[in-house]
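The chain that follows stands alone, in the form predicted on its own, written as structure tokens.
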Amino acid sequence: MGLLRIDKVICDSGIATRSEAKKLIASGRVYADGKKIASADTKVDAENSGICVDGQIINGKKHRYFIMNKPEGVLSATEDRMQKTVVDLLPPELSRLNLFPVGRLDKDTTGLIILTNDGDFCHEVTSPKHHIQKVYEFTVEGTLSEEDVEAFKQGIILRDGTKCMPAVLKIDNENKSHGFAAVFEGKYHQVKRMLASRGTPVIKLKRISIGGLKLNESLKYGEYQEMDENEIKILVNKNVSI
């Protein structure tokens, strides 16, 4: 990343605006590698300088990645005048990072969603050509059969003629209305429409994994946690088996 002005690093961390960062520095509340910073134009290594504001270490990385357990009734968007979005669930210091959701989950679909400010990462995860799998747990009206499993395997053709890529359907042996679907693309309402095309409308839908990354079940709806480098590598390099 190279050296950056420390006021920019503080701003990029989300804890303050650029002007607020300058005031923090002027009041002697900012340190780097244990030394008080006297000037806003001081250049530092954002990722390795151990920058502290009011005694708290800040994250100076340019790109940030968060896992959220999306609740029902919240939009996968950055803003909406009428309805609450996943970004609205974040505290102010993270809202300043210009985070956006990677892909989308329908308003009434719950589960794993990733928020980032890294556009290249978003493209890698969402582009079908990278073959990163998204796994959903579902409950439907009616019951599913091995014919449905085979139809998913061949690639469902939706009622409007849209062709979906081959996907994986796993039916719960003890409850034929419950199961898991794995897809490699993100068409509009895709899993719902695929299941509806088999005469089994979705009652409940939850995304439980993306690539090799599983939803942390300890996260309550609306809660989030920052991803580490290992989780990022697992996500893009491995798919979960269902």
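Just so you know, these numbers come straight off a predicted model, no measurement behind them. Numbers follow the displayed sequence, beginning with 1.
Not on display, but discussed next: the form predicted in complex with uracil.
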> Three residues, Lys8, Val30 and Ala40; all within 4.5 Å of uracil in the predicted complex via heavy atoms?
Replying inline: no
> Is His189 close enough to uracil in the predicted complex to count, meaning some heavy atom within 4.5 Å?
Replying inline: yes
> Should Thr116 be classed as touching uracil in the predicted complex when contacts are defined as heavy atoms within 4.5 Å?
Replying inline: no
>> Is Leu205 part of the interface with uracil in the predicted complex - any heavy atom within 4.5 Å?
In response: yes
> How about Asp106: is it within 4.5 Å of uracil in the predicted complex, going by heavy atoms?
Replying inline: yes
>> So if I measure heavy atom distances to uracil in the predicted complex, which of the stretches 78-86, 145-153, 162-170, 98-106 falls within 4.5 Å?
In response: 98-106
> Does any residue in 133-157 get within 4.5 Å of uracil in the predicted complex, counting heavy atoms only, and if so which ones?
Replying inline: Tyr136
